[in-house]
Structures are given as structure tokens and as C-alpha cells.
Ligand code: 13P
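Here's a solo chain for you in C-alpha cells, the form predicted on its own.
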Amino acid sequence: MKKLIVANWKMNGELSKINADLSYYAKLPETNKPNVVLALPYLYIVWAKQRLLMNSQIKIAAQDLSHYRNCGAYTGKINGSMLKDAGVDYVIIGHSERRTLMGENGAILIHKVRNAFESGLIPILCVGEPLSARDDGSYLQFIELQLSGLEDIESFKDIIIAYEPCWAIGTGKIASLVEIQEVIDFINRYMQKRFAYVKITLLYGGSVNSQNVGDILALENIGGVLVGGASLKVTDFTAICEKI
């Protein structure tokens, strides 16, 4: 299977950039691939799907979804069914910025994963340790705790787990290849033991760029990367997509 390249634009972009970048990606063989996924701000998803990427192979992800399953009086929320209607294929859940800035906890995130499954979306669940857990050696236990709630989901389907050490996100720092491999192997063992019947894809995220992506993708059990800042620069992101 081809490796996944997931671009997380976060709260960035305006219509002129969306028009220019996505029109370029849709025409370029290096980026017009079904394993290239763009996680755009909600506001631009329908525009991108119905206009700029209408004849493209590129897939769309949402950066989040509501933990409320059904439609209702939840001002400002967007549920999985709405995202599916808009042409979304994937949804990022539990990114470290939402965990730290929005205070999302384990129970809320498990509801979101369940909602993604029920809406026909593939969840990209992010896990990763803060610097304190890395320094005191408890990082694997920290990540196991983040994964443990998945066992409460009754109907389990294909899932993507993205390992993103918090201390390497937006900092320019990157975990060593040995550190990445250790955690990816740990997550793989954990998931295979509990969900052996499910297709599980493992990504790495955290200051991924065109210089280090080749070495990361070459690691065992790595199914792709989650790209942040570098995904906002057309030349950098194109160079990353050339690696798959």
C-alpha cells in the first residue's frame, strides 16, 4: 500500500491561497494521488471538494468533528454525517493542540472516534507524550493510556494512529529515528494485540519536512506522515509528496 501524506493546514489559509495551492496540486502528478490527504479548515472543504478538486484523486480530511452524534442544539458544532455529506474521507481526532488548548479528554475523543466510524469516516487519532513524560521515561505508559479508551468502542473499523510527540510539533525539533521506531513498534504491538482484525495504519507527525521525510517513511511499520507547517508551503509539500 502507498504511504499516506496528510497535510494539516490547521487555522491557516484564505480563499486566494486555497484557490492557488489546490488548483496546482490537482494538476501535478506528484500531488494528484489518492494517498495525498488535505486537512483543510471547515470553511473551505465544500469549495475544495466541489470545485478545485472535483476531478482530482486527492482526498479531504476534516481537522475535527463533534463528539455529539446527532444533529441538534449544539451551536458551532459539525458532526460526522455533515462532513461525509461534504465529501470528507478522513477526520483528525485528538491533535495535541486540541488536547492542550481545548482541554479535550479521553472520553470526548472516544466519542469522536465512535462518531467517525458510524459516519463512514476514517479517524486519524493522534497520540503523543509531552516533554515531561519523555524526560522521566514514562512516555510509553502515557501513550498506552491515550490508546486504552479505544477498547470501549463496540464496533471497531479501520483506523489511523498518528504518533506526534508534543515536544516536536511546530518546534523544528524532531524525534530521532530510534525514538520514532520504538514508539511506532509499541503502538503497533498494542493495536495488533487488541484489534488484530482491523486495518491499522501508523503515521508519524512532528516537524516533518522534505529533508527528513524519506528517512521517516523508510522506518518499519510506518504507513505515512502527518505534516504541519511544511504543508503550507507549496514547494516543500510537493517535495514531500514526491517521496511516495
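Counting begins at 1, following the sequence as shown. Just so you know, these numbers come straight off a predicted model, no measurement behind them.
Below, we refer to the form predicted in complex with 1,3-dihydroxyacetonephosphate (13P), which is not included among the displayed structures.
None of the heavy atoms of Gly13 is located within 4.5 Å of 1,3-dihydroxyacetonephosphate (13P) in the predicted bound form. Contact between Leu22 and 1,3-dihydroxyacetonephosphate (13P) in the predicted bound form is not found at the 4.5 Å heavy atom cutoff. When 1,3-dihydroxyacetonephosphate (13P) is considered in the predicted bound form, Val208 lines it closely, a heavy atom lying within 4.5 Å. Looking at Gly224, you'd find every heavy atom of it more than 4.5 angstroms from 1,3-dihydroxyacetonephosphate (13P) in the predicted bound form. Here the marked residues His95, Ala168 and Gly228 all reach 1,3-dihydroxyacetonephosphate (13P) in the predicted bound form, each with a heavy atom within 4.5 angstroms. The candidate stretches are 177 to 185, 53 to 61, 199 to 207, 213 to 221, and the one lying within 4.5 Å of 1,3-dihydroxyacetonephosphate (13P) in the predicted bound form by heavy atoms is 199 to 207.
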